[in-house]
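Shown here is one chain on its own, the form predicted alone, set out as structure tokens.
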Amino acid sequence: MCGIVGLTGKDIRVKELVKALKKLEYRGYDSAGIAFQDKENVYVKKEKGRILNLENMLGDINEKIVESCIAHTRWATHGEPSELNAHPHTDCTGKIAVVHNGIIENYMEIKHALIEKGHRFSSETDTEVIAHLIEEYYYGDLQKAVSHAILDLSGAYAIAVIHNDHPGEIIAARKGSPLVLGKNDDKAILASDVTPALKYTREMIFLEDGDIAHLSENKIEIFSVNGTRINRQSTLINWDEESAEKGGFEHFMLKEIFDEPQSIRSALMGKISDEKVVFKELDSISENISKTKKINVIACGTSYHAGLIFKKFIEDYANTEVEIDVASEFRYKNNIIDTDSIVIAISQSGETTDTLEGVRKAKSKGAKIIAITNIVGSTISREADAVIYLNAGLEIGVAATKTYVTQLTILYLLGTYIAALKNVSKDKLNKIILNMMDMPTVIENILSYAPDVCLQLAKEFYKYKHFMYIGRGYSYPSALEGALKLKEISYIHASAYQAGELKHGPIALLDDEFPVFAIVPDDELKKKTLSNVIETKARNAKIVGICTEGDKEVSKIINSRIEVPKTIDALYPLIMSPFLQLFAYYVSILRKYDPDKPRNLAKSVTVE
């Protein structure tokens, strides 16, 4: 969950590392720290809170030229956020410094054994044991010491290590947590994702589990634990550094909502030909897909909500059963999975631990895995039988926006592709395809007026402490997603229910201090949903309704409304998404929070 970065080479100033670290702050911001090496010593500086606090504390040190340096921004797992628990961590001698992303599951066992040998610990973290293990195994060869140390570790890690006696060198290793390497003519860099490295190169090497990397001035060497040299092919990244900047918007989240039309265009590119959906990525398993009687979907958070919409779409259009599980539950249930099974794993980052473990469990039972992810070279993309990339571009805001609408786009296309394999009527599928081709323009038109509408609504409702989102059919997952966005970035308690379930308990919550966000498009369930909305109004709840343009029936009942263009029932979740996201965004702004960095959350959940 944390972010790590390291630099070695010519004329590196400390401020260069700090700037690179800032590009990883979305991965955690409980504390930050750096270790840098001159020709004499290794120095460690750390600070509680955001990277800016560290930068201010460094002062003139920012201009110092160093041989190599590593840095870390923390999302706390072991030990409370504090300067003491901030990374980097050192050994007893102070010569070794380590930064780490992941969780060491057997750290207490290792810690007790090392204490018995005389090691002294100063933090509550699991990471500190790595520094002391390396010290224990160090006899002049840092790479060998790291190789021995990682053999003792259980859990997940991406680590970077520097040593006082090895100026200009960084040793890195990875198991279960992402680590990317790159270099140019005079510098080498490592990082938790590609963002900090784009300044130096677009050719990236993604380490595999068990890899150990040796970085020096303009050289990267990769080895196995036993010291055998490994050749890892580089991947060309098409994003540029500027794509990680805000582009004139106040926040990344707002920029990324406005990126949605282009993200949808990118997702559609090459996927529609002669009025048919084409997935060349699935050619090798198309026969398996056509024969399967049930599809399993695993995902977490926003990706899970996208999966719920896919489930209903497939069952409606392809007459095929879909079972969907939150990945953290899938891992521990008795799944009915075999060699005839198709499992679709959805993960924006491609590094979500629960989803990856679900994939591994399904693969062990012989299932074919389709991964849907945004990150080229991510772990899930390497472990799946087939990969569909979102092509949404870099998303910095912690709350998923453009990646969510791009997931929906890909899932609608995938559902249409599967329906065609199941011999569903072409006329029925063509309606979906034609509407999907229009979606970038539809979303562009929506974004021309949606911010003003949502800002005005936010001004009405930002002071409330509770919110209830309701919907039916395709609108229920949208209710879940809308409530999640409001919770994530404005810290308002928001719950979501199937509208028909209100009378079975949740309606007891409602009064004039508990408003309702009702999702009531002009679909086959509109009248049923509207009757539930009337029930909430009878409890004096104030109602925001999101409905189809010109729907006077809904307008008469609700207090405030958002209107969306008319579309096919199944596609309403896509065109409603910008409104749900913008409403949450403006509520967050009015409550004076930072929507890009919601408390207690990080972009990529790489721990269990």
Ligand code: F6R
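Because the structure is a prediction, the values reported are computed rather than measured. Don't overthink the numbering: it's just position in the shown sequence, from 1.
The following text describes the form predicted together with the named molecule, which does not appear among the structures shown.
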Discussion item. Please determine whether each residue of 300, 349 and 352 possesses a non-hydrogen atom within 4.5 angstroms of the named molecule in the predicted bound form.
Written reply: yes
Discussion item. Just to confirm the contact call: exactly one of 162-170, 134-142, 96-104, 481-489 touches the named molecule in the predicted bound form at a 4.5 Å heavy atom cutoff, so which is it?
Written reply: 481-489
Practice prompt. Select from the listed residues 215, 71, 400, 306 the one whose heavy atoms reach within 4.5 Å of the named molecule in the predicted bound form.
Written response: 400
